[in-house]
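The chain below stands alone and is given in structure tokens; this is the form predicted alone.
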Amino acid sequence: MSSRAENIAAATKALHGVSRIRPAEIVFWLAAVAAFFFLPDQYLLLNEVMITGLFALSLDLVLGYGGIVSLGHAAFFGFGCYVAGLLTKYGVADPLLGLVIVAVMTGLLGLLTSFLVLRGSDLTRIMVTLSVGVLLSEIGNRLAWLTGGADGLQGVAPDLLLGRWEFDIFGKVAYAYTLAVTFVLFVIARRFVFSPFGWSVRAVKENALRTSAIGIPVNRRLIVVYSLAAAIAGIAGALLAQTTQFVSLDVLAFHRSADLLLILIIGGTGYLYGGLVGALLFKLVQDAIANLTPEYWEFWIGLILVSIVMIGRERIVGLPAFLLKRLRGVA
């Protein structure tokens, strides 16, 4: 009995060590806050980076922890965009209340579609997620009287944030709002992945058959993580709709899901910060190249991404390897 108790104590100590907050994490979030004060000309870009990072974090929960490859994750992002836009336009203009409603509705959409996604092999799952994204995109196009169709949903004007701050055209309030929401959701996601439930989800990814043999309901675990990821992706979409005050069919386009996978290739999967770091690097490079060569920026982005795959992410990613290793240590 004493040996068993010692083993449990050692395992508990090891898990606490893995889940502890590391200095690099504090540096990361302090840098994000510092950007608010020292980069006033970049609020709009920073807001976009943070929204994309939150969106990528939601896919990392599905892919990096659940092991489900999704090519249609933009379905939840776009759904959240349109729900937030329609709520704002037709009566629920409070931004925070809109986020709560979007989270519930997108989570329910993730729950309903999870039963389709979890059927079959990995290839089947890829095609099902892609089909869900295409289906929602077509529905948005067909319901042009409601969504605005190709012209986009206009007239999205949220109320003052907390009754005090108006979303200005420079993006100052937008970035502060998005940063705060992203941080809160990141903390929730972090606690989730380091909880006993989260560790069981990792076990499912590593070996679903063995996990099932010891009595863990595999599908239930995947349904929960898929629904949670859908809710977070929906919130990211809602943030985009509220801060830009416009929604178009582009939010449901396939390229958003594809870009998300590329972002996770850059940042890495399975340690939460991969989506945030990848989004930062991807958007900064995209913005710089678009300013230099507006006509051919997609070519250079593609070339850089091919180089990342061929040469290796650690050798060319534009953050010190030291920082990446410290951030990767959180999971």
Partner chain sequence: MKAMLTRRIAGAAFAAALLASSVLTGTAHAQTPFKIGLILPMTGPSQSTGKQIDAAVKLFIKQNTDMVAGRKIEVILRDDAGVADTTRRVAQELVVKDHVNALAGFGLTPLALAVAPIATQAKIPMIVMSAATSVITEKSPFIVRSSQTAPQIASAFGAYEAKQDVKKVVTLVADYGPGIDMETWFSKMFTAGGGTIVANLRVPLANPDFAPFLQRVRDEKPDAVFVFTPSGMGAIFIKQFVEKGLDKSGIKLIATGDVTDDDQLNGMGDVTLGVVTAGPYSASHVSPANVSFVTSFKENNNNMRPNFMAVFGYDGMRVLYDAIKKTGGKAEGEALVEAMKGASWESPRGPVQIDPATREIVQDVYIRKVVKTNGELYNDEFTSVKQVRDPAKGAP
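Residue numbers count along the first chain shown, from 1. None of the values given here were measured: they were computed from a predicted structure.
Not on display, but discussed next: the form predicted together with the partner chain.
Participant: Among 286-294, 272-280, 27-35, 65-73, which stretch sits within 4.5 Å of the partner chain in the predicted complex, heavy atoms only?
Facilitator: Residues of 286-294 come within 4.5 Å of the partner.
Participant: Residue 125 versus the partner chain, in the predicted complex: is there a non-hydrogen atom within 4.5 Å?
Facilitator: The answer is no: residue 125 has no heavy atom within 4.5 Å of the partner chain.
Participant: Is residue 94 close enough to touch the partner chain in the predicted complex, meaning at least one heavy atom pair within 4.5 Å?
Facilitator: Residue 94: no contact with the partner chain in the predicted complex.
Participant: Taking the shortest heavy atom distance, is residue 256 within 4.5 Å of the partner chain in the predicted complex?
Facilitator: Because a heavy atom of residue 256 falls inside 4.5 Å of the partner chain in the predicted complex, the answer is yes.
Participant: Is the gap between residue 246 and the partner chain in the predicted complex 4.5 Å or less for some heavy atom pair?
Facilitator: Output for residue 246 is yes: heavy atoms within 4.5 Å of the partner chain.
Participant: So the partner chain isn't shown here. In the predicted complex, which residue out of 219, 131, 141, 212 has a non-hydrogen atom within 4.5 Å of it?
Facilitator: Here the answer is residue option 141.
Participant: Between 225, 240, 232, 84, only one gets a heavy atom within 4.5 angstroms of the partner chain in the predicted complex; which residue is that?
Facilitator: Contact with the partner chain in the predicted complex is made by 240 alone.
Participant: Does any residue in 153-171 get within 4.5 Å of the partner chain in the predicted complex, counting heavy atoms only, and if so which ones?
Facilitator: Contacting residues: 154, 168, 169, 170.
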